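Just one chain is shown here, as structure tokens, and it is the form predicted on its own.
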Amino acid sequence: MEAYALIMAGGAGQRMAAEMPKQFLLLHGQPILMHTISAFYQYRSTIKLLLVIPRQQEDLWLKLCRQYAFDLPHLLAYGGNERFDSVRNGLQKIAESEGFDAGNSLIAIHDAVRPMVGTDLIGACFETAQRYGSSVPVTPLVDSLRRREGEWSLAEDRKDFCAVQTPQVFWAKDLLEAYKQPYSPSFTDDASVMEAVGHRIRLVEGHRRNIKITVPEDLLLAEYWLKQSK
């Protein structure tokens, strides 16, 4: 089985209130994106990795790679109008790469701004997808949950729901086929794209530390965790 990872780095990061796109902000002395890429190579040194970024950010990324002497091998693809388009562009690039075998490959799709993903979680996602065809890491909800009904609301049982993380891993042949369908606003992640063509989604226990860095407080929390692990 060949392992691929598609790192999605197309976010503008407006909620970070920073001029620099959030995937390039420094975390423990290195851009967030470099921590994320490194995590996948720590899981498996032979993994084949592709980074999807906006075309206008390519020069900045290459400059940062030189500045921080970051030389882990990866291909580049450009983002599209929607995340769906960006993933499809990345998948096409993988499909065209030398030696690619869709019938013997698993592809992980991961948010660039989840740098705290651990090798144990990456491994669990790949192992589950190899056995069941799909894997999506989730964590239980800790807050109470209510459904809006106009100006009123109804309580929901939080045990019936979970919070979704990445990496989401699928067999390459199934993923490529699913991304041939037209875009729909109902596609909130790759699992929803797969479900739309009839695939069932297998869940994996995620990690609390596998946060998506969205607001400044998230960056401070990730910095704290990294310092604790050194």
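The structure presented is a predicted model; accordingly, all values stated were derived computationally and were not measured. So that there is no doubt, residue numbering starts at 1 and follows the sequence shown.
What comes next is about the form predicted in complex with another copy of the chain, which is not displayed.
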Exercise. Would you check whether another copy of the chain, in the predicted bound form, lies within 4.5 angstroms of a non-hydrogen atom from each of C65, A69 and Y183?
Key: no
Practice problem: State yes or no: in the predicted bound form, is some non-hydrogen atom of L26 no more than 4.5 angstroms from a non-hydrogen atom of another copy of the chain? | Solution: no
Exercise. May I ask you to check whether G103 falls inside a 4.5 Å heavy atom distance of another copy of the chain in the predicted bound form?
Key: no
Quiz item: Any chance R200 has a heavy atom within 4.5 Å of another copy of the chain in the predicted bound form?
Solution: yes
Practice problem: Look up in the predicted bound form whether P73 has a non-hydrogen atom within 4.5 angstroms of another copy of the chain, and give yes or no. | Solution: no
Quiz item: Which one of these stretches, 27 to 35, 174 to 182, 161 to 169, 44 to 52, sits within 4.5 Å of another copy of the chain in the predicted bound form when only heavy atoms are counted?
Solution: 161 to 169
Quiz item: Which residues in 107 to 132 have a heavy atom within 4.5 Å of another copy of the chain in the predicted bound form?
Solution: R114, Y132
